[in-house]
Ligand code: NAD
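Just one chain follows, in the form predicted alone, and it is written as structure tokens.
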Amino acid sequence: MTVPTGFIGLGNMGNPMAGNVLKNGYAMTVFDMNRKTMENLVAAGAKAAASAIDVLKQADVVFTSLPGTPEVEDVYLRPGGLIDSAKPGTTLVDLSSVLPSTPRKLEAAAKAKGLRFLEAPVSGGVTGARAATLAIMVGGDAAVLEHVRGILRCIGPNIHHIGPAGAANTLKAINNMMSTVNACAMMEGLVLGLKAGLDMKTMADVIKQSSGNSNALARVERALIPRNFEPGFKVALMNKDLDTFNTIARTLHVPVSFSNLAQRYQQTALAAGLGEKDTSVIFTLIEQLAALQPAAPAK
């Protein structure tokens, strides 16, 4: 018998994650402010809730996947929110990427109400969410992780207990900083090659076999050659995650440089109205700065 499960927040990441839990036979209740995002899950057998609080009435384990710190703290901590309204014994798992201070607040408030709480930010993007191959970073009580490990395994096989609440979101911020710095460096290199007359696919194929290889090169055939910049991972969200990284760095007095350089590109993309595009769209900004005429999309 599976645990009655709820899912709140069904965006680009939340929807496929909830779908993969549902595919594994869990009784699922879902809610999102945008009711259209619930339709495919309801068609697959999930129950639509009228509100986030309605999810709590029908689930023993509730997952949230929300845009950032303000939304998470509002949904959990406001009067009449999730922590106020959940029945004792409920397990709340936040999959969002937030400031490390947020899960610390939520865990303390949840324990005071007789609830269990975990932070569990994920990495792997929309592709990983759809394929159920996400890496999951967990912060909080290890015993609570064991209670929900079976459900988490539905969204990704690589589940890591990082430490106490806040530890997982610290590591998530580090990961995303390294990912976007890597991607920006890769895109700068490719634009230089293109302006020098080199072929993009040839460059990518050779670099994959060389010391410059990285996961960022997967963007070449997925996004850069076809010029497909639909998310993916949105510029606005990466900018938020770099804010988180830089906030942690300031708090701990760690001098950082590359995160600030990468964030300049995110800020430029936001200023250009590209916040809802995939972070790969930064490639087009580098082309413009280099006065490089973009190639036609590959058919």
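Start at 1 and count along the sequence shown; that's the residue number. Nothing here was measured: the structure is a model prediction, and the numbers come from that model.
Beyond the structure shown, there is the form predicted together with the ligand, which is absent from this document and is the topic of what follows.
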| item | value |
| --- | --- |
| Interface segment, criterion being heavy atoms within 4.5 Å of the ligand in the predicted complex, picked from 233-241, 251-259, 53-61, 39-47 | 233-241 |
| Glu71 within 4.5 Å of the ligand in the predicted complex, heavy atoms | yes |
| Close approach of Gly125 to the ligand in the predicted complex, 4.5 Å, heavy atom | yes |
| Thr170: touches the ligand in the predicted complex, heavy atom cutoff 4.5 angstroms | no |
| The ligand contact at Ile282 in the predicted complex, heavy atom, 4.5 Å | no |
| Heavy atom of each of Met187, Ser214 and Gln263 within 4.5 Å of the ligand in the predicted complex | no |
| The ligand in the predicted complex - contacting residues of 9-28, heavy atom within 4.5 Å | Gly9, Leu10, Gly11, Asn12, Met13, Gly14 |
